[in-house]
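Here we start with a single chain on its own, the form predicted alone, put down as structure tokens.
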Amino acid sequence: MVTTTTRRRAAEGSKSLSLRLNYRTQRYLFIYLMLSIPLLYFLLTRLFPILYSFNISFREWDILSPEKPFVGLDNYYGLFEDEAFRKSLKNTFFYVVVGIPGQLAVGLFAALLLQNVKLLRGFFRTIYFIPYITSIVAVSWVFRWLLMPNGWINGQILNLGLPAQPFLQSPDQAPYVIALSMIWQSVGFQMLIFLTGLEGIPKMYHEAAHIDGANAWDRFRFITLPLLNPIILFSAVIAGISYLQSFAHIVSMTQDGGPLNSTRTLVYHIYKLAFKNFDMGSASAATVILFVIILAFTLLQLKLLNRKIDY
């Protein structure tokens, strides 16, 4: 009797354990299945095209021809022999050099101002953030309209008795105008990120420094800036990638990267090679170069800007 009861309980325990194991197995299978769907999507739409572009960059890839002969590094050599490509590379670095410091400086300045605003704080934050969520095409066309030879800004310049400016029609002024539009549209994003960082700095640090006699500039230089280092690093990396991939502003404001290719960027050059000249080999080679530049620039920023601050 005892033996039968023991066996029955053992069988029930074994069955219960089997059910639990089956449930855990089913749960993990479900979890991994759900995770595999976005992973598969990423592999098919991101990683595979990136790897395939390396293959295309080593071939003479005319989409109208069935033959795709291997040409080695000829596409890369051809790019660096192309004056338009070198100009687009130079312009891209110009936007990076001008845009990142300008965007971070203006965004931090706006955040410092809004940090002390008590009345209608949410309203002012919204006003600053609206340009960032506005369509790039819409913002670019507004700038283009304002900066026309007979536009509003030139009208105000003429009212002051000064000569009208060519702006987007000038190879010297157009790059700065486009960089200004990019900075203006991104200020809201940087402002919000910096505000979050500023609100995370303990007030006791500033209070202690004030008691010790430190003025506002010293407190900003030795307390605020060092403690904002993770925010600055994040913002610089995001801004760097964004400026290296500049495209929509150029197409919307100048249409073809003009005048005289003064605003053409690397991404626009890739677009023209691929979808206007149908030279996929050279376009893929330029894409690989852009990928290497973004990777190297990001690693350089992480190396130079990442600092450990202890207080």
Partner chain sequence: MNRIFNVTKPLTLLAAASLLLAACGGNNSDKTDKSTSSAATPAATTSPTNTTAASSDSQEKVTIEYWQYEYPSKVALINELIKQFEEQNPNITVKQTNFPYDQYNEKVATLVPAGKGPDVINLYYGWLPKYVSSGFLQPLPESGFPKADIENKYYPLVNASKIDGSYWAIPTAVRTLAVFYNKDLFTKANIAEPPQTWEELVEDSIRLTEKDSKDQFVVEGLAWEPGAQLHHWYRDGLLPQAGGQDLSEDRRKILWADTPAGLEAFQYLIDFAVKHKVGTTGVFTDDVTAFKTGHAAINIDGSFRLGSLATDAPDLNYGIAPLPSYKSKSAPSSYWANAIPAGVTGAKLDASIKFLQFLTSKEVQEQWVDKVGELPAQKEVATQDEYLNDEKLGPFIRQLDYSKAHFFIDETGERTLFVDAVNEVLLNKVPVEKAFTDLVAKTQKLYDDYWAKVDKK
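Positions refer to the first chain, counted from 1. Remember, predicted model here, so these are calculated numbers, not experimental data. Rigid core (definition): largest C-alpha set, two forms, superposition within 1.5 Å.
As for the form predicted in complex with its partner chain, it is not shown, yet the points below apply to it.
Exercise. Is there a non-hydrogen atom of Tyr271 within 4.5 angstroms of a non-hydrogen atom of its partner chain in the predicted complex?
Worked result: Contact with its partner chain, yes.
Problem set entry | Heavy atom of Asn215 within 4.5 Å of its partner chain in the predicted complex | Judged by the heavy-atom cut-off of 4.5 Å, Asn215 is well away from its partner chain in the predicted complex.
Exercise. Quick one: does Pro101 come within 4.5 Å of its partner chain in the predicted complex, counting heavy atoms only?
Worked result: Residue-level check for Pro101: no, no contact with its partner chain.
Exercise. Does Gln173 make contact with its partner chain in the predicted complex, using a 4.5 Å heavy atom cut-off?
Worked result: No, Gln173 sits far enough from its partner chain in the predicted complex that none of its heavy atoms falls within 4.5 Å.
For this session: Using the arrangement in the predicted complex, list in sequence order the residues of 142-159 with any heavy atom within 4.5 angstroms of its partner chain.
Result: Contacting residues: Trp145, Met148, Pro149, Asn150, Leu158, Asn159.
For this session: Verify the C-alpha shift of Phe30 between the shown form and the other one: is it 2 Å or more after superposing the core?
Result: Phe30 C-alpha, core-superposed: shift of 2 Å or more.
Problem set entry | Core-aligned CA displacement of Leu64 at least 2 Å between the shown form and the other one | Yes, shifts by 2 Å or more.
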